[in-house]
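In the block that follows, a single chain appears as structure tokens, in the form predicted on its own.
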């Protein structure tokens, strides 16, 4: 296995750093899949068992000026690593003003992602800073756990309100309850509400719009009668998991989408140029 990438463009380096920062806020460890064309950060939590799941996809051509990789074999041309995103973020953050940054898979005392940065200097002598980030190689037999999740058969899909606004609302609600009910319908309406023995608080959003997903049974009813446009689908979730998603967001997405499988899962999608991030939060009874 071999991997080597070089980033020269400062904007690309900053963009990649923001993406890794977002991932580091969502999970302590995850899988990093390297393919000839893409990088994937994957958290395969068992949603059915109450865990969150994540899938983040980046096109390598929009990050690296040079990119070379050889997978475990010609048939399975991938590399799959277990990484700590926070460690990668710290390495990238310290070299944000570098002239160029090289990232490669090395073998030191253990497998590492080595980040080597050429820093600007006033003299003719090059100044290079190197960070070795330990990783674990995930064996081929476990790769099936890190495949792209299928799009859930959702009941409602709606565009999210501005994420900063949503974060402010959730931050306030977190002080009142550990659980939050997210509701939405096909008329572009969404509500966030908490209900306890002492208080009931609801925030309403309207005119958000609904994404068009083509011929989907959950959206157009298929052979069944179409879903009532005003009927709410809901998911009651751990408010800390939703807050974690909103706090960690550094991607500044051009589109943010919420899909709800009624009383089953909250599926959040951030889209920005070459980056897509999916986050699955299980619904609670």
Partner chain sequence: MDCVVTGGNVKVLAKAIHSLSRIGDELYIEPQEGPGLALRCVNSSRSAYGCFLFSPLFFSRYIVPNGIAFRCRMSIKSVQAVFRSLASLEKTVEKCHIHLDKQKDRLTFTLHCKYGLLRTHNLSFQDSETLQAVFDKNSCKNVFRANPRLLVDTVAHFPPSMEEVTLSVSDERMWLRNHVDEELGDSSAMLTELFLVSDEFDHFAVQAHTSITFCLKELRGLLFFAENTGLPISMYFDEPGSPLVLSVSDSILEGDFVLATLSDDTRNDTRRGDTPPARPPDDFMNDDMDSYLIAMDTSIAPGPSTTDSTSSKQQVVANHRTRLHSEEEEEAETAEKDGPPNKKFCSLLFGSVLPLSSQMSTQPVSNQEVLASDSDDDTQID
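Numbering follows the first chain given and starts at 1. Worth saying up front: this structure is predicted, and the values here are computed from it rather than measured.
The form predicted in complex with its partner chain is left out here; the points below concern that form.
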* Site test, 2, 102 and 121 vs its partner chain in the predicted bound form, non-hydrogen atom cutoff 4.5 Å -> yes
* Should residue 139 be classed as touching its partner chain in the predicted bound form when contacts are defined as heavy atoms within 4.5 Å? -> yes
* To do: May I ask you to state whether residue 193 is within 4.5 Å of its partner chain in the predicted bound form, using heavy atom distances?
  => no
* Just to confirm, residue 72 within 4.5 Å of its partner chain in the predicted bound form by heavy atoms? -> yes
* Is the gap between residue 126 and its partner chain in the predicted bound form 4.5 Å or less for some heavy atom pair? -> yes
* Which among 201-209, 107-115, 179-187, 152-160 is in contact with its partner chain in the predicted bound form, heavy atoms within 4.5 angstroms? -> 107-115
* Which residues in 75-91 have a heavy atom within 4.5 Å of its partner chain in the predicted bound form? -> 87, 90, 91
